[in-house]
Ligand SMILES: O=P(O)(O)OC[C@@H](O)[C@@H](O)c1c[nH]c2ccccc12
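Shown below, as structure tokens, is a lone chain in the form predicted alone; questions about how it binds or moves come after it.
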């Protein structure tokens, strides 16, 4: 069993518990009461480099990363630094996150929010929207083609922007087949957890010009952000480097300024 398979198995077990506690109808009603989801795409398409700053306590590859007693405060620092979106890890077993983190962040900032998790059912999309998410991650490697298409359609019906994550050429083609407009190229292979930074430069050339490219993993500072921007990234998604930095506001600002031509 790969690392990804093991994570998804745990996600499904935890999901079964939540589904038993909260009926889908409750999530539908909660989502219906919220304002329309925020659209991050205009900011992502603007000149310069956007940053999706991540609230991330731990990871399967590195273990504990940071003690984050107040995710709302961290998110506020990210927003003050100019983050165009904030990612909140909600997977509990491997990443130490929760939907409560997402709700706390939503109450604190007006910035578009990404629910970062291993989404395998429409129920999780409803959870995301009901908790205030504006974007949701769909990992191509974790889904078959019918699931990928169905979840894309359900997300769009909820007003959610989909970040579709790929790691190789075949996954790029699968993402484009469902008309993905925001594609994250993850330099980390989720099946082995190995990081290969050259993956982004290789795959970004396969994306049409109208697709927004997000570089994921392998960003330890402004130099890495600048390299990805030079290779064609519109956005970088950064977690570990930001949660370990003593000044997350300045760290976000420095990454935004790293693109050729400087910040917007």
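The model shown is predicted, which means the values in this text are computed figures rather than measured ones. Numbering follows the first chain given and starts at 1.
The form predicted together with the named molecule exists for this protein as well; it is not shown, and the discussion that follows is about that form.
A single residue from the set 99, 125, 190, 140 has any heavy atom within 4.5 angstroms of the named molecule in the predicted complex; that residue is 190.
With the partner omitted from this view, the residue of 233, 37, 237, 199 that lies near the named molecule in the predicted complex is 237 [heavy atom within 4.5 Å].
Contact annotation for the candidate site: 54, 116 and 217 all lie close to the named molecule in the predicted complex (heavy atom within 4.5 Å). Shown alone here, residue 186 lies within 4.5 Å of the named molecule in the predicted complex, counting heavy atoms only. Taking non-hydrogen atoms only, residue 134 never approaches the named molecule to within 4.5 angstroms in the predicted complex.
Using a 4.5 angstroms threshold between heavy atoms, residue 148 stays clear of the named molecule in the predicted complex. In the predicted complex, the named molecule lies within 4.5 Å of some heavy atom of residue 89. You can rule out all but one of 37-45, 22-30, 217-225, 66-74: in the predicted complex, only 217-225 has residues with a heavy atom within 4.5 Å of the named molecule.
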